[in-house]
Ligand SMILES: NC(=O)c1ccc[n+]([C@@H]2O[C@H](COP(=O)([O-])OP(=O)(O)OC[C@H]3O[C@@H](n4cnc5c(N)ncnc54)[C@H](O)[C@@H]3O)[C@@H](O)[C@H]2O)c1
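The chain below stands alone, shown as structure tokens; this is the form predicted on its own.
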Amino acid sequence: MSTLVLGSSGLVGRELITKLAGAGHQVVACDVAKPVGSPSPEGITYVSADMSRLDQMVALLHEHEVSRIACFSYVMGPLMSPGFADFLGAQQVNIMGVTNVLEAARLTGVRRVLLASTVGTYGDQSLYGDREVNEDDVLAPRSMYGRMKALNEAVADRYRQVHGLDVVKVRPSSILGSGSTIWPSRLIERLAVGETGYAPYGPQARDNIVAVDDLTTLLSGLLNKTDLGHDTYLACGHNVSMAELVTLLGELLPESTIEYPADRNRAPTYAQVFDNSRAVKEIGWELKSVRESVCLHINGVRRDAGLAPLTW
């Protein structure tokens, strides 16, 4: 039996297939295009398939005797752009594609589907007051991306209720790791290579950051733990203000230049503080500190850019 990771060429997918294979799992890594170059590492089989084709999904699950699926394939970055207009292409992957994965899992008897959602499914922090948001709070997404993810969650809930499919929804926050396109990561990425960094929000605005290594540790646990207490988990790390993050970056990279947006009241369109205690208690999830997470991100970016790592 094998674990299928859809979206294996993305930041989370790359980290997850390596972690699963390293733990001895047989992994099928799937994306639109197969990677080129060196042979597949032991325990990982690379394939390509189109999520918008139900027949391809069913054939893939049968051929590789898939028992678990982690679904991370999604049109995300372009969808966040105000000028994005290919709504048909996006929904073919984000809505029909994800539904095809659930249907194929139902048809082939897959044991568990791990469905990547987002904290962007929540509404503005003012909707919840000053407290930390948890998994049971109401969803009220404002972005197209968040709305599509909320629809995925609703469809997944119906598959669980009607067909008994074991679907686990995971809502990550802003992921730190080289290649991440999330706003705080863009700030760190520019600073790591000596460019001016642009804070995405005003100094008092808060966001939640999680290192990709910590995130994939949690995902691995959610995929493989036999009995889970819930069907939804916040994959959130540390609640930080932009001022706190900028101060830390100034300490680590003292020659750096960081600018705040012209609108210093700018804040995320979703909630800003989250309660991750469910994952911490049930999975025994342990997190790196904010400092270590940021340091790893900086040196990951520098490594990929051919630059020497920094020491602190």
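So that there is no doubt, residue numbering starts at 1 and follows the sequence shown. It should be emphasised that the depicted structure is a prediction, and the values quoted were computed from it without experimental measurement.
Below: the form predicted in complex with this ligand, not depicted.
Checked against this ligand in the predicted complex, the candidates 256, 52, 45, 67 yield a single residue with a heavy atom inside 4.5 Å, and that residue is 52. The partner is absent here, but in the predicted complex a heavy atom of 182, alone among 102, 199, 211, 182, sits within 4.5 Å of this ligand. Contact check for residue 174: a heavy atom falls within 4.5 Å of this ligand in the predicted complex. Using a 4.5 angstroms threshold between heavy atoms, residue 16 stays clear of this ligand in the predicted complex. In the predicted complex, none of the heavy atoms of residue 248 sits within 4.5 Å of a heavy atom of this ligand.
Using a 4.5 angstroms limit between non-hydrogen atoms, residue 118 touches this ligand in the predicted complex. Within 4.5 Å of this ligand in the predicted complex, a heavy atom is found for every one of 31, 145 and 149. Exactly one of the stretches 222-230, 154-162, 174-182, 128-136 approaches this ligand in the predicted complex with heavy atoms within 4.5 Å, and it is 174-182. Contacts of stretch 52-75 with this ligand in the predicted complex, defined by any heavy atom lying within 4.5 Å, are made by 52, 72, 73, 74, listed in sequence order.
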